[in-house]
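Next comes just one chain, in structure tokens: the form predicted alone.
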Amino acid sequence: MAEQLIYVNGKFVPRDQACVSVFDHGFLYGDGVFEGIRAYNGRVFRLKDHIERFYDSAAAIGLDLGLSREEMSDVVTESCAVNDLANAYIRLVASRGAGDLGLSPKSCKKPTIVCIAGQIALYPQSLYDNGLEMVTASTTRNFVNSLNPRVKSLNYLNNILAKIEADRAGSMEALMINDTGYVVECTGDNIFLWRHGRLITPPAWMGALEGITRKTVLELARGMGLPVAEEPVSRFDVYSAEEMFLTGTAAELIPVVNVDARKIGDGKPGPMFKKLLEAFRERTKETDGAAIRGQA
């Protein structure tokens, strides 16, 4: 197997040489942004949407990425090409760059850009077949007015603390609640409910990331003529839903069958989940994604 090559600040280097400075503010303070992206069948899925969100996150924290959107897109596709990957999980990272030990970003003269193309598998196939059991985390989601979760920040400590709670409870995911007591998302995925004949997901303004898979599922559902709502979701809504599933770039769609020891629906992956998962996977086969050199 060929050695994995990582993009670091304009160069592709072997994995064991892919390094950043210990004075990088991404390392020191979590000062930066990232994207998780998928490639299917020689094309990068919804790359334009991911790049737009990447630049929106950077703008929200006042980070000048130093590359055009077209150049950044080329970084992603070329990262797949040099590693001969037609199907991949891609992590695009931008930090404030190397500076001094002070908090001020003024000492950081140039951002650090890293792109890693490889593989990831968050959940075993058995969970797609049988469903996921979850708990509600006591860790409150970041307040929208302090660090808006729409910023896909390198500072993921809020999510990590909730993930630790899930791990200790023997669960692979956890619901996260905002400061007003509403369900907003999980530690790494968006949430959907099928309840009383409607597909419901929490709105981004309440503290949910505007997920690209979430966006795709909403489009697919509307295209099927399903009633769709982006509205506040309580734990009552979760517990009384007929179906529940999560969405994310790495996970795609995965069903949830139990939350806080309460069975969701009949305790099995439901027909709406299966219908939307099939539609999503068909969507990834379409040829409108960004082509990878030598693959598409």
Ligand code: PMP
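Residue indices: 1-based, along the sequence shown. Just so it is clear, the structure is predicted and the values come from calculations on it, not from any experiment.
Keep in mind that the form predicted in complex with the named molecule is missing from the display, and what follows is about it.
Among 95, 171, 178, 213, the residue placing a heavy atom within 4.5 Å of the named molecule in the predicted complex is 213. Just one listed stretch, out of 224-232, 256-264, 243-251, 24-32, contacts the named molecule in the predicted complex at the 4.5 Å heavy atom level, and that stretch is 243-251. Of the heavy atoms in residue 152, some are within 4.5 Å of the named molecule in the predicted complex. The closest non-hydrogen atom of residue 190 lies within 4.5 Å of the named molecule in the predicted complex.
Taking non-hydrogen atoms only, residue 85 never approaches the named molecule to within 4.5 angstroms in the predicted complex. Contact check for residue 209: a heavy atom falls within 4.5 Å of the named molecule in the predicted complex. Candidate site formed by 4, 40 and 43: none of these residues places a non-hydrogen atom within 4.5 angstroms of the named molecule in the predicted complex. The partner is not shown here, but in the predicted complex the stretch 126-145 reaches within 4.5 angstroms of the named molecule through a heavy atom at 141 alone.
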